[in-house]
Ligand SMILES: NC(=O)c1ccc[n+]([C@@H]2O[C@H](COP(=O)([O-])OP(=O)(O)OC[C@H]3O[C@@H](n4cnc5c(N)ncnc54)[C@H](OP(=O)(O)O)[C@@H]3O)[C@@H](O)[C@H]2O)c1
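Read the single chain below, which is given as structure tokens and is the form predicted on its own.
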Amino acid sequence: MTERDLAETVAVITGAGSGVGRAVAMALATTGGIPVLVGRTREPLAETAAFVSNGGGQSLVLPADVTDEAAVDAVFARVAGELGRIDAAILAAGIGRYGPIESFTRTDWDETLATNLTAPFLCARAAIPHLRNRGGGAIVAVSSGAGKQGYPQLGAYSASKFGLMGLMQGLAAEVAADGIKVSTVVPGSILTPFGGRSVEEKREAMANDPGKKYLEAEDVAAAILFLLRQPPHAWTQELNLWPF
């Protein structure tokens, strides 16, 4: 099997200011690809861009709220206009709001679904015409093990990730004829500050409990690059990635 060369691949990456999104951007840049860094706040995106530049790569910083329909459409239009094409959309933005359903606020519920489910819908929808115009491409969403099993205190988060799995499965069937591969990466717990616990707290948990394990953000990035490298005749719809 001949892997695809990712040099000059233009990938719009949401949540690129930290965690998995940042790791994907840095990994893609090392292959010669061009990550487009999207997130709400410019400063963390600029930090990611600096990491990419220090590694000899190039990137494009486009701050935007991915829950805003007009902002999302503008991002994809600008990328296509400035860089000439879009080869992939990596949907890595996400938030975690935890608590029992009985006391969970409507605001936290709405923000969880807006970021984890509506934003991927908006980004995928905006990406499709650009990918179709170039003859195909990839849309990759980052879900969670909580998107396959519900957990206490994680009702809203699980609902958003279950929804994301269904969205991506339905979309995959709709756009396959256009040469667009739609995939979902389903990782276990990741060693990032996501979820209200610092990396140091998670490392301490691992030290105190040999059975507690975490993935690195770079592990998830490697899985996403694996999907982008697959040749035209191969497609992975769902990639489950667990700490070992």
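When you see a residue number, it is the position in the sequence shown, counting from 1. Keep in mind the model is a prediction, meaning the values are calculated, not measured.
FYI, the form predicted in complex with this ligand isn't displayed, but the following is about it.
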Inset, instruction - Sort through 36, 28, 182, 190 and report the residue having a heavy atom within 4.5 Å of this ligand in the predicted complex. - result: 190
Inset, instruction - Given this ligand in the predicted complex, answer whether the residues 60, 79 and 126 all have a heavy atom inside 4.5 Å of it. - result: no
Inset, instruction - Considering this ligand in the predicted complex, find the one stretch among 127 to 135, 79 to 87, 141 to 149, 168 to 176 with heavy atoms no farther than 4.5 Å from it. - result: 141 to 149
Inset, instruction - Using a 4.5 Å heavy atom cut-off, state whether residue 95 contacts this ligand in the predicted complex. - result: yes
Inset, instruction - Give a yes/no on whether residue 20 approaches this ligand to within 4.5 Å in the predicted complex, heavy atoms considered. - result: yes
Legend entry - this ligand contact at residue 115 in the predicted complex, heavy atom, 4.5 Å: yes
Inset, instruction - Check whether residue 41 has any heavy atom within 4.5 Å of a heavy atom of this ligand in the predicted complex, and answer yes or no. - result: yes
Legend entry - Contact set, 47 to 81 vs this ligand in the predicted complex - heavy atom within 4.5 angstroms: 64, 65, 66, 67
